[in-house]
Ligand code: AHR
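The chain that follows stands alone, in the form predicted alone, written as structure tokens.
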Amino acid sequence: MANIIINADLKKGKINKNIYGNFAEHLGRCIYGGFWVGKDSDIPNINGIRKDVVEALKELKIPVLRWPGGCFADEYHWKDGIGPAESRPKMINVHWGGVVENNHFGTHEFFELCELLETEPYICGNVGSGTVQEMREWVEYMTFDGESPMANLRAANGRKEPWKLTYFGVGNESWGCGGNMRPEYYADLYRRYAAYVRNFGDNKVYKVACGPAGEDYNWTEVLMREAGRFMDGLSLHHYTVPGTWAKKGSATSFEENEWFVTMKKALHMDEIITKHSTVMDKYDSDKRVALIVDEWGTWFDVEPGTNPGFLYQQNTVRDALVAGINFNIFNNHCDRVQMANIAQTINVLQAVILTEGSKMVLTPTYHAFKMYTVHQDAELLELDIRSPKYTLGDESLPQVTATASVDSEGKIHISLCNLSPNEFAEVECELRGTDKASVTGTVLTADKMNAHNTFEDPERVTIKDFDGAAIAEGKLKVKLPAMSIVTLEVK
């Protein structure tokens, strides 16, 4: 049995809604065919943006969307993506499949997408192959309200009023595809580029420095020591890869040992965040600089028969559990983690939506996001958990992970993940500091480890009402199905 104590009167801090952010790169069919079909498409659209995608994503209350990359960002020259579509120059997407990019989706289209989604834009600038001037002019183009060369160019392209831009990333993966830099070199380069990411008028830019990959704690040390005072956030990229980078494993054809190692590697995010936070604490004890996990998720081998450079993979209940595990970790680190962006929104890696022509399907990960919307901007509650073990061979993992919060109306929400694909989990939760006596809930589970939604069977893995919880004498008792996510509302 899992034993949980929740101190409902001990709030640990606000869970920033941006933890539930998304990431959309010019990669495979994320933008073209995913978000963007063009104004002349037979697929219902709003100025070229897919209407069904907008409607589905609004259900998730996506708070922030990162664009245009990713590795693509450090090849992207923003002036190629403005002006009449037919006159925009084409480019080769050298990172992702070598396909020709027509630049029909650019700055104006991205901001219109964000307005339709009611989400904040998070733009990643080009440090790897771009200039300081190019980055400075892009910020001016987007945010300056008045007479200036870039503001006038924006107006000539149909937008007189500036946009509001809060989040700006100064380069992407500068240790890898963004330039193969050493942390000392990037720290100096960040200080230079960030100096020209200016605040125009009342627009205040939140500057995100390129942070580490996974367990590169030295990168965090150097960046915080040399440039910490010039940044608002430091990014972190970490993917859940059950195999090796050369052979990652199938998204849908796997055995329990692969399920187990996927859960184990997802749980490792907690250690990674804890250790980077400890390094950051040396230079920023007030936690002014946020840890921004702006790329995370599962990464498997591409679906057979698809372009290897498009990173298209299916999405099972296993992916949903990985999402739930990460959400619990991010929530519980809300003192330092202020944003996270799953990779990626549509048709790429751990997507929340898959499309094929005019068809669209919502993945198990989509439903996991939906179940966790209740935690956005809520107050994290102190939670202590003692979980039974999920054991396979000689290794064991906690069977149950959890997070709890209280919203502005006083409702308590508890999200629980049962990592075992075979065994249900009994949970007894002691609710301290509250007299709430009723509970309702929802559940996401499946009959098989590789269960997933397809265009032919789009509702195989979906949210259902949950009746396996009851409260009596201040004790909440729950019976979690195998391989499940449950979110409870106590009031």
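Each residue number is its position in the shown sequence, starting from 1. Values in this document were obtained by computation on a predicted structure and should not be read as measured data.
One more form of this protein, predicted together with alpha-L-arabinofuranose, exists but is not displayed; see below.
When you measure heavy atoms, are 70, 172 and 299 every one within 4.5 angstroms of alpha-L-arabinofuranose in the predicted complex?
Verified in the predicted complex; spot residues all in contact, yes.
Using a 4.5 Å heavy atom cut-off, which residue among 239, 230, 196, 206 comes into contact with alpha-L-arabinofuranose in the predicted complex?
Only one listed residue qualifies here, and that residue is 239.
So alpha-L-arabinofuranose isn't shown here. In the predicted complex, which residue out of 344, 355, 328, 405 has a non-hydrogen atom within 4.5 Å of it?
Exactly one listed residue reaches within 4.5 Å, namely 344.
Report whether the minimum heavy atom distance between residue 390 and alpha-L-arabinofuranose in the predicted complex is within 4.5 Å.
No, residue 390 sits far enough from alpha-L-arabinofuranose in the predicted complex that none of its heavy atoms falls within 4.5 Å.
Does any part of residue 27 reach within 4.5 Å of alpha-L-arabinofuranose in the predicted complex? Heavy atoms only, please.
So residue 27 counts as contacting alpha-L-arabinofuranose.
Flag residue 96 as yes or no: does it have a non-hydrogen atom within 4.5 angstroms of any non-hydrogen atom of alpha-L-arabinofuranose in the predicted complex?
Yes, residue 96 is a contact residue.
Quick one: does residue 20 come within 4.5 Å of alpha-L-arabinofuranose in the predicted complex, counting heavy atoms only?
Residue 20 lies outside the contact set for alpha-L-arabinofuranose.
Of the listed stretches (70-78, 219-227, 267-275, 395-403), which one has a non-hydrogen atom within 4.5 Å of alpha-L-arabinofuranose in the predicted complex?
Correct option: 70-78.
Can you tell me which bits of 293-316 touch alpha-L-arabinofuranose in the predicted complex, meaning any heavy atom within 4.5 Å?
295, 299, 311, in sequence order.
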